[in-house]
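Just the one chain here, the form predicted on its own, laid out as structure tokens.
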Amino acid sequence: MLRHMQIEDLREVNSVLSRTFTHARWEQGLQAYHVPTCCMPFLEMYLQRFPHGSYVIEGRHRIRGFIFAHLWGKVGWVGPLAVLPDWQGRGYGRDLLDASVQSLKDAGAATLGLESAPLSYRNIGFYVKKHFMPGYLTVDLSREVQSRKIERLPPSYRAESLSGLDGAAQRRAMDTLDQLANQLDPNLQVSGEAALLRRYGYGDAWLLYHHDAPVGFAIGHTEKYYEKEKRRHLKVYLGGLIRRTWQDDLDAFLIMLAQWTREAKLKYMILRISARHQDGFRALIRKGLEPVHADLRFVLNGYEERSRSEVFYLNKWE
């Protein structure tokens, strides 16, 4: 039976996720193939992004597969999608994907995609048959934040965190986040994501100003995803710089993230960027960030990304 996912399902969904992705990584021949269970507050937050598009397949009162859906304004994406190994090949994955995609379409998604492991030819074949076309790699770039060498923002810049504001100031910051996001991608809205982070205490949003004009933002997680993971990383999964001369703002942007990392008592920053934004990718490499992970991005035919390739835009559909 296909039905909407409920918060009461999440413990079993967590087990299915761990078992399915562990098996998939083992099949790919990876040495570190075990995928641990996720922290439950993270899954609860994940479900709350767009619960109308998240589904489970159930049989004999046991969950055999699931899918999550996400919607940021009109930017929609799905994942993870998992079906237990013993129940694969029966059309469950197809049914889950079809239901989730239709829910996003019904909600007005103008961009629709997903990210998947680039080594999995089975995944690639499955999504291509469902009219998702593979495009660019999305890459996690990481850099250690030095606690001894502390850089300060240049006098013409300032940064503020959403958690440091309240009342009218916070509402204005939310509006500013959406204005900046819309300049990166006309379909993108992020204030709802920032509010969700604050609700669950899982991260924050920061704004960067130049001469009091907003020029960039970053949204990231400060808490770990997996129960057995060490809490060491600021994971920036949404953000960007809006000016055509964004290269002039990049140093200040990275200093802002380093400040955030230290304040959160973390050691590393991780930024996810699509190789579609090649200038931004190269600029981060020149700044000393190193690749640590990559996924392959797919977009549904007719629902392609609207962001310009020349902007500095960080986003993660995983």
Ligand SMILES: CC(C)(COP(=O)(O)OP(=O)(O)OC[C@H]1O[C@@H](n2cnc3c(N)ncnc32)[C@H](O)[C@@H]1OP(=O)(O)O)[C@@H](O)C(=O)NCCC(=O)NCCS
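Here the structure is a predicted model, which means the values were calculated and not measured. Numbering starts at 1 and runs along the sequence shown.
The discussion below concerns the form predicted in complex with this ligand, not included here.
Taking the partner as it appears in the predicted bound form, which of 86 to 94, 192 to 200, 143 to 151, 241 to 249 has residues with heavy atoms within 4.5 Å of this ligand?
The contacting stretch here is 86 to 94.
Any chance F132 has a heavy atom within 4.5 Å of this ligand in the predicted bound form?
Taking the distances in the predicted bound form, the answer for F132 is no, it never comes within 4.5 Å of this ligand.
Check G167 for me: does it contact this ligand in the predicted bound form (non-hydrogen atoms, 4.5 angstroms)?
No - in the predicted bound form, heavy atoms of G167 and this ligand never come within 4.5 Å of each other.
Mark K224 yes when one of its heavy atoms lies within 4.5 Å of a heavy atom of this ligand in the predicted bound form, and no otherwise.
No, K224 is distant from the partner.
Quick one: does A24 come within 4.5 Å of this ligand in the predicted bound form, counting heavy atoms only?
Output for A24 is yes: heavy atoms within 4.5 Å of this ligand.
Only one of L81, A173, A110, A159 has a non-hydrogen atom within 4.5 angstroms of this ligand in the predicted bound form; which is it?
Selected residue: L81.
Would you kindly say which of Q183, S103, N123, N187 lies with a heavy atom within 4.5 Å of this ligand in the predicted bound form?
Contact check passes for N123.
Using a 4.5 Å cut-off on heavy atoms, what residues in 102 to 118 are near this ligand in the predicted bound form?
Sequence-ordered list: E115, S116.
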